[in-house]
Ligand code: AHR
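Only one chain is shown below, in structure tokens, and it's the form predicted alone.
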């Protein structure tokens, strides 16, 4: 990935491009012909730090309350998010993971060194059965990342057979001997991860040929149909997308892209997750919003080769990446989560919702204790992050029909671009119209008038996520410092919704 440097931050964030005034949003329900795939609200759990061990899994013999080894408090929290899919086992870990090490009796499973993430010893006690059973508990689709970097074609082919075959086959019978009679339903299957980097440092031409070879042997068994996802580009590498679209084409069902909201690559250079200035906040907001331009450029390339949009763009790693918290283990990527992270989540999801004709999946990194996580755990304690609350507030958009809008707002100059101070997304499911709104300004409230899709609507319910300081975050001592509250400052008048959105706040509204 390229390096990005914070320079002249004051120049990025002190000017307004137009006078502050009323924000208007016009909706176009007659043009509503795209569904917001629920899979845009997907998640990611890598064998990294305490995401799996301690975050999701403590084992059946733990003193921490658990359900067959899974933390009860985390399970309860995740079920409320209605997680549509979960990506595993990586990430960079995937291309060093050999799945047969993670099946069978736990005491017989070999250990390995997690070379990518801190050199931690991995005991493989959480493997294929543990992951796929977790997906059943959460009622979500599993998304498996296969090992292309250090694994063989045979190994990948046998893994697919092990998971999905109900026949009288060697791998299906091995699965049965390990306690699972019926095959799992596994739809999403990634053929490698970040093959341009930790997945093998490959050239796109070479990876394209490997994809064609490996994917050939990832077969459909019985009623299971694989949605095969190629390892796509890192943010601005448009050539990677061009080569894969040209050389793989419709042999893939999806093509991934990764985009992190990060200031600068390098040890200690990413800045603190909770100790930052207002100017650094605005810089991150600008970097976050740049994802829309990046995605549209990748989609334009895809359109050249796939005019019918049969290949999905899968943003299967995204989110913030800051320095590890002081005192935590190097390489475990444990970071706190503030209101700034909540804005990155809300703004990104508002963008993803717009492109349902091409974006079929997105996976925020990661689920627990790593990067922009949903939950933080320590021993028997757990706290929800501001990002968790955004996903919970936005879940009404899942599989809803996207309603196009025109939004007129004052702007702020950030990173050399004029950015709307307010962003929005509107969808409809049944009789309910769902609106999500953000006001990125740290000081100024905004009056908003929304032209409702259903002018006969009478009722509006809302919640707001905000806090006194943009650096505010939840801790084990103060787990509810940042949490949603009921929002009552929204009224329907003459077919329009009128409200004032406070500074540095995120809203979710339901209108019926």
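Bear in mind the structure is a predicted one, so any value in this text is a computation, not a measurement. Residue numbers count along the first chain shown, from 1.
The same protein has a further form, the form predicted in complex with ligand AHR, not shown here; the description that follows concerns it.
- None of 121-129, 213-221, 426-434, 255-263 except one has non-hydrogen atoms within 4.5 angstroms of ligand AHR in the predicted complex; the exception is 255-263.
- Though ligand AHR is absent from this view, in the predicted complex it lies within 4.5 Å of a heavy atom of just one residue from 362, 345, 414, 371, which is 371.
- This chain is displayed alone, yet in the predicted complex one of 400, 92, 171, 285 has a heavy atom within 4.5 Å of ligand AHR; that residue is 92.
- Among residues of the shown chain, residue 117 is one whose heavy atoms approach ligand AHR to within 4.5 Å in the predicted complex.
- Taking non-hydrogen atoms only, residue 383 never approaches ligand AHR to within 4.5 angstroms in the predicted complex.
- The shortest heavy atom separation between residue 321 and ligand AHR in the predicted complex is within 4.5 Å.
- Ligand AHR in the predicted complex comes within 4.5 Å of no heavy atom belonging to residue 208.
- Judged against ligand AHR in the predicted complex with a 4.5 angstroms heavy atom cut-off, the residues 194, 317 and 366 are in contact without exception.
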